[in-house]
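Only one chain is included here, represented as C-alpha cells and corresponding to the form predicted on its own.
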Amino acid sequence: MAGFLDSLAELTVVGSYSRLGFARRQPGFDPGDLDVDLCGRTIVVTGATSGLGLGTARRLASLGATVVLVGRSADKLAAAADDIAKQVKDARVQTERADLASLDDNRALADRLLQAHPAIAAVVHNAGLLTDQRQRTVDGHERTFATHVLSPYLLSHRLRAGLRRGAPSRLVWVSSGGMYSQHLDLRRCQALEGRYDGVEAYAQQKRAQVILSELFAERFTDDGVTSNAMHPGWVDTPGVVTGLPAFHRLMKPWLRDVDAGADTIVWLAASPTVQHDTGAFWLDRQRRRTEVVPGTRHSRADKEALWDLCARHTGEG
C-alpha cells in the first residue's frame, strides 16, 4: 500500500516534489543510514557556495568528511567555509576556485585535487545555473551546457585515479525533475543555435546528466566507483529565485528547505546502504523511473551519441 500511495503521489508531481512529498516520506527513512563516520574520507562538492551545494557540504562535514568546496567566487567560497566552520565543530573544509564552464579550469582543478587528495571518496556534481540569454564560453560552448554536461564528464574522467584509490567511492549527479519533460536532443542540449530557451536547455542538460550517470556506472564499475543521479524536488534556493522568479513566487509556500533537498545527495554520497547501488535515479532515498512522459525513451545509440559528443569536446573517454 505504501508503494502504491507513493506512486500515486509521484504522478501528481506537486504531492511528490514539494515539501509535502518529503514530509510524507521522511518518517520512513532509517536514521541508521547516515549514522556514519567519514573521518579520513575526502568528498568534493561543486557549486558549494550556496543552496543545495552548501547544504550538502555542511551535512557531510558534520559526518566527519574532509569536504572540498568548489565555486567560481573566492569571496563566496570563503563565506561558505566560514558558515560551515561556525555550524560544525571541528569541520574539515577546504576550498578550490574554478569556473566550471572552462575546460582548462576543470583540468587544472582536477590536477590540484589529485595532488592535495590522492584518494577521493565521492564527487558531488552539483554546480549549475539557469539563464535567459545565451552565453558562450572561452571554448566556444554555451555556458550552461559546459557547466552541466562537459564539466562533470571531464572531472569524472580526470579524477578517476583518485576515485579508484578511494574506493569504494561514488559519483553523485544532482539533476532535476524537469528532465522528465525532455527527450535528449544533442542540438538543443548544446543550445548554440536558434532561439535560446534557457529553461529547455536546462531540462535537456539535466536529462543528459542522468544518461551520463548511467554510462559512468557501467564504465567505472571495475574501479569500485558507483554513479547515481537524483533530483531534489522543488527546493527554495537562490538559483530558483533568480532563474525561475515566477515559479518561486507562486510555489514558495510549498518549496522544500535546503536540508530536505540535500538529504538524498548526502545519503547517496555517504550511506553504506547504497554503497553497491549504481546507475539509478533517486528521489527521497527511493529509486525512480527515468522515462515517464511518452516520447522520452532513449535508445542505446542515443546514449552513446551523448558520450561520444562529450569525448570529442573534452578529449577524454
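Quick note: we count residues from 1 along the sequence shown, nothing fancier. Predicted model, so just to flag it, every value in this text is computed and none were measured.
Quick note: we don't show the form predicted together with a small molecule, though the next part is all about it.
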Based on heavy atom distances of 4.5 Å or less, which listed stretch (215 to 223, 143 to 151, 181 to 189, 87 to 95) is in contact with the small molecule in the model of the complex? 143 to 151
Ser175: touches the small molecule in the model of the complex, heavy atom cutoff 4.5 angstroms: yes
Any non-hydrogen atom of Asp99 within 4.5 angstroms of the small molecule in the model of the complex: yes
Is the gap between Ala65 and the small molecule in the model of the complex 4.5 Å or less for some heavy atom pair? no
Mark Thr49 yes when one of its heavy atoms lies within 4.5 Å of a heavy atom of the small molecule in the model of the complex, and no otherwise. yes
Could you spot which one of Ile211, Ala201, Ala127, Leu163 gets a heavy atom to within 4.5 Å of the small molecule in the model of the complex? Ala127
Residues Gly21, Arg25 and Arg249 all lining the small molecule in the model of the complex, heavy atom within 4.5 Å: no
